[in-house]
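Shown below, as structure tokens, is a lone chain in the form predicted on its own; questions about how it binds or moves come after it.
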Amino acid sequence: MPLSNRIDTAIARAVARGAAAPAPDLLGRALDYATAPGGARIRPTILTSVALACGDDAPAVTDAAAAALELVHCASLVHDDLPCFDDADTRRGKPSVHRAFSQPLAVLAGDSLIVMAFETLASLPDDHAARAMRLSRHLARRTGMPGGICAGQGWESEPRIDLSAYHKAKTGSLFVAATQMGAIAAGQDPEPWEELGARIGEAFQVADDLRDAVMDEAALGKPAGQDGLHHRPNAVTELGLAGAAQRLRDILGGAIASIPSCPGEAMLAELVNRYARKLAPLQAMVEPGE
């Protein structure tokens, strides 16, 4: 089964289990709307790729971990789009959940997706209980306080923002979760995988800052210019367009060097290189003379 199909199947299975009848129909539809069709599924792809590189000796655990991680990510997008945060009308090229279903249902959908993520891990068979517990602990750490995505959103309400902590929490945390949870799913030590996740997360954040600065809503599939509108700290403000583009190149180069030794090391290097190639048009927009 292609990797994308494997991931989508795992996510659809988790959502279907969580919205099974009898259940409120509109909320069930909102859950499906928030998760499918998905975006690039970058985080669960990284998680599954790391598990495969480490042997993937328990595919059911890997699938549950990938689904749980993406459900938390989708929940964060639903909440981020709410009027009290970004007030975004669109996401992934279609109306955001609160626009399509109402603000109350969007809040409930986001909350339900987070709970569903941990239920997915808790539902693993007893013979995988130790891995399920470690996966749950890592996902919780990267979701809440003090350094998860909730903390990342919280920094935006502070009078002074620690830019490094903000980026690590808001964007980097789920990428670190992806690499470390992939290792755990395959029965490996997660600690050597933290740096790779942190570097990929930083690269994604810088790329997102560049897109927000130079692309329009039609190209992004969501509102553009949000960093300036909401006065959020970002790499473009700090480094300039050319400086942010150079920083992106440096991060991706370091990401490949940080891949731990494993049977699938070359495959992971190609995954990072493929992501770098996808970013080439963006960098060309920033530095057309390059």
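On a predicted model such as this, the values are computed, not experimentally measured, just so you know. Numbers follow the displayed sequence, beginning with 1.
Here the subject shifts to the form predicted in complex with another copy of the chain, a form of this protein not shown in this document.
Proximity to another copy of the chain in the predicted bound form holds for all of Q103, I114 and D162, with the criterion being a heavy atom within 4.5 Å. Picking from 120-128, 184-192, 208-216, 92-100 the stretch near another copy of the chain in the predicted bound form, with a 4.5 Å limit on heavy atoms, gives 120-128. Though another copy of the chain is absent from this view, in the predicted bound form it lies within 4.5 Å of a heavy atom of just one residue from P59, G254, G28, P260, which is G28. Remark: V176 does not count among the residues lining another copy of the chain in the predicted bound form, judged by a heavy atom distance of 4.5 Å or less.
In the predicted bound form, none of the heavy atoms of A280 sits within 4.5 Å of a heavy atom of another copy of the chain.
In the predicted bound form, none of the heavy atoms of T171 sits within 4.5 Å of a heavy atom of another copy of the chain.
Contact annotation: M267 falls outside 4.5 Å of another copy of the chain in the predicted bound form, judged by heavy atom distances.
Heavy atoms closer than or equal to 4.5 Å to another copy of the chain in the predicted bound form belong, across 130-156, to the residues A130, A132, M133, S136, R137, A140, R141, T143, G144, M145, P146, C150, A151, Q153, G154, W155, ordered by sequence position.
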